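Only one chain is included here, represented as structure tokens and corresponding to the form predicted alone.
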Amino acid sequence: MPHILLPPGWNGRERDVTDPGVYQHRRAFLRQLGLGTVGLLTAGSALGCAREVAPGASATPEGPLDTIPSNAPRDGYPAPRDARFTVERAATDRLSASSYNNFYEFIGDPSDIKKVWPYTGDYEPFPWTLRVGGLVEHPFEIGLEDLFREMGLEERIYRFRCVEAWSMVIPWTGFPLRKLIDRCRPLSTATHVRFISESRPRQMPGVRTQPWYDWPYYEGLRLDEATNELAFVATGMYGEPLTKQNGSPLRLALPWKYGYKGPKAIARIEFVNEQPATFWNDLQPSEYGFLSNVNPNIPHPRWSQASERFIASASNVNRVPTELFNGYGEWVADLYPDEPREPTRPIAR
């Protein structure tokens, strides 16, 4: 998410979604959205309001909640919530989280890169096969419906922090990455995990229009990071499968790291014996390090990371201090004894 421009203000409550009356008149609503006004209703009574896009649909979706693939597996939704993962802030409302995001593979208008959903109409994620291999005892390929059934699903509410100093709180559905790692049993020589996203030029307009990027998107973690209890494979959000613009069919949620460390539409996972190259670090190593932990003491070369704009809804944004490791120090601080605990200079590589 390195180059998103923050739109005018936002705010809302946990699992808020669009009011059904507004949703039924979506074209008028989208005009209102540009003015920053949104009608809200708690998700407990309206989570099912999002329409699904049928396979093969090529028309522009009518709105950001119209992009859940109709053939996305739904067994296990809504998933039980893991009460260990709570956040003191109210969750960002569903419409805001689905309409203000980034997925470079779908950027259609470079002047408005935050608006991803209008360009997802041709994308057909399912059926989907995940491939896991490299330095493991048991490499495998598996369809996602079988994978989700085997792993089991739960819900976790996590903070989300973008490198551009804005943040959200998202209720993700998915399973711990460690469960998948246990399934393939990495060899003792494996030190890192590499993730490769899907790249479909015919379905992803950004892949066609931005050939200067080295597609497909690729990211990496140390093995101790990947097996940390926080590392989460997200298959859904707000009690339903992921929308296309939010990374359908599965993505990583790493709440102690900046958002671009969580690749979307993951197609392959490889276990390797050295630190893998990563997409943004290869492009701008002085701005985007391999670790990329949320740390207010390490400024980006072009802006401070000491505070962030918390997006709660389409009518309110609050600026709040940024916490070390995004507030997840009790889970991950021991992994990074050398991470600066006091203000320092930008990374230099």
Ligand code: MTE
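We number the residues from 1 along the sequence you see. As the structure is a prediction and not an experimental result, all values here were calculated from the model.
Another form exists, predicted together with this ligand; not displayed. Remarks below refer to it.
> This ligand isn't shown here, but in the predicted complex which of S197, S167, N228, S248 has a heavy atom within 4.5 Å of it?
Exactly one listed residue reaches within 4.5 Å, namely S197.
> Can you pick the one in F271, W117, F232, F160 that has a heavy atom within 4.5 Å of this ligand in the predicted complex?
The residue in contact is F160.
> According to a 4.5 angstroms non-hydrogen atom cut-off, is F103 in contact with this ligand in the predicted complex?
Close contact exists here: in the predicted complex, F103 approaches this ligand to within 4.5 Å, heavy atoms only.
> Spell out, yes or no, whether the shortest heavy atom distance between Y217 and this ligand in the predicted complex is within 4.5 Å.
Contact check for Y217: yes, within 4.5 Å of this ligand in the predicted complex.
> Taking heavy atoms only, is P263 within 4.5 angstroms of this ligand in the predicted complex?
Flag for P263 set to yes.
> Taking heavy atoms only, is G259 within 4.5 angstroms of this ligand in the predicted complex?
Residue-level check for G259: yes, a contact with this ligand.
> Using a 4.5 Å heavy atom cut-off, which of 125-133, 74-82, 177-185, 239-247 contacts this ligand in the predicted complex?
Partner-contacting stretch among the options: 239-247.
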